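A lone chain, given as C-alpha cells: the form predicted alone.
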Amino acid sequence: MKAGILGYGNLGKGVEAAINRSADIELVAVYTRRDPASLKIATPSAAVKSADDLEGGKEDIDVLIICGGSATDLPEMTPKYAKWYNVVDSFDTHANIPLHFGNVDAASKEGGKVGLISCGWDPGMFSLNRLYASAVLPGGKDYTFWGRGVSQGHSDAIRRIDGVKDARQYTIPVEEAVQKVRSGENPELTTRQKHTRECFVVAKDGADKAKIEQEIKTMPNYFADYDTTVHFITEEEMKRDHSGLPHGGSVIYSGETGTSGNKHVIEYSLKLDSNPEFTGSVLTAYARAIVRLNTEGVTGAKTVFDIAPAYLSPVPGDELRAHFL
C-alpha cells in the first residue's frame, strides 16, 4: 500500500522508520509546510512535496499519516484531509476527543474514507488495555503511570521561561504508589502521590537560577501539583546525557471475581528508547488496518477500540491462527 506522511518532525521521522521496516507499505511522499527543497529525508525513493499538493485528493496514496501537534495542527488538518484520503493521527487532547471524532467522522463519510484518531501508545495501546481489563473485571479500578521518560510538552514549557536556554523534563512514577497498586490495595492516590518531575535546565549566561527554579516549581497545570526537582547543567551535559527521547509507563488494573473477593491484577507496561519511533510504529500498523477496512467499504471515523487486531498485522489470518493464537 502507498503511504504519505504529513509533517517531518520527530514523529514524522518515526513513521518513516516504521514504514521502511514494513515490506507491505511503500512511502510515496513526505508532505511539508516548509520549503520542500529545504527538507532532506531518509528515504531516497520518496518525494518531498508541499502540503498544498494534497489539496483536492489528487495524490496517489492509500493513506495519509498526519504528524502534527494536538493543540492547533490536528483539529484543523485531520478533518480537512479526511475528505480526500484515509487518515491516521495521534490526537491526544483527551477532553476534546469527542469533538475531534465528530469532525473527522463527518469529513470521512463525506469522502467515503476512514479516519483513525488518537492513535499511539497513550491514547492508543494503553487505552486498549484499560478497556480489555475493565471488560474482563467489571467494577475494578485502573491506574496509569507514565515514565520514567521525557515529557516533550513539559520540556517546552520550561524552555519558554525567561533565562532558559534548553531543558528536559522527566516524568517519574512514585515507586511506593506503583507497588501498592500492584499488590491489589486499590489505593486512592493524589496527583502528587503518583508521579514526580525531574528537570534538567541549561540557563543562559547571567540568568537568575533561583528565579527560574521558582517559576518551574510553581507553574500551574505543569509542575505546581507535583514534587519537582530542578538541576542546572551545562550544554555539554545536556547533549551528552539527555539527547534521547525515552518514555514508557504502565497500565495496572485491579479487580475481583466471585463472591469471596478473589483479587486479580492485570498489568501492561512499555519501556521505550524512542517515544516518537514507537508511536510512529503504532500509527503505521493502524494505517495498514484502515486501508484494509476502506477496501471493504467501511467509512467514517474510528479509534483503536474499533479495529480488530488481525487488521494490524501483515501476517495472513491462517498464520496468525497457527502461530499467535
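Quick caveat: nothing in here was measured; it's all calculated off a predicted structure. We number the residues from 1 along the sequence you see.
Keep in mind that the form predicted together with another copy of the chain is not shown, yet the notes after this line are about it.
- Heavy atoms within 4.5 Å of another copy of the chain in the predicted bound form are found in one stretch of 282-290, 51-59, 29-37, 66-74, which is 282-290.
- Residue Met125 is the only one of Met125, Ala203, Val178, Met238 with a heavy atom lying within 4.5 Å of another copy of the chain in the predicted bound form.
- Residue in contact with another copy of the chain in the predicted bound form (any heavy atom within 4.5 Å), chosen from Thr196, Asn129, Asn103, Ser155: Asn129.
- In the predicted bound form, at least one heavy atom of Ser118 sits within 4.5 Å of a heavy atom of another copy of the chain.
- Another copy of the chain is not drawn, but in the predicted bound form it has no heavy atom within 4.5 Å of Ala210.
- When another copy of the chain is considered in the predicted bound form, Asn10 lies well away from it, no heavy atom lying within 4.5 Å.
- Contact check for Ile266: a heavy atom falls within 4.5 Å of another copy of the chain in the predicted bound form.
- Of all the residues from 76-102, those having a non-hydrogen atom no more than 4.5 Å from another copy of the chain in the predicted bound form are His94, Ile97, Phe101.
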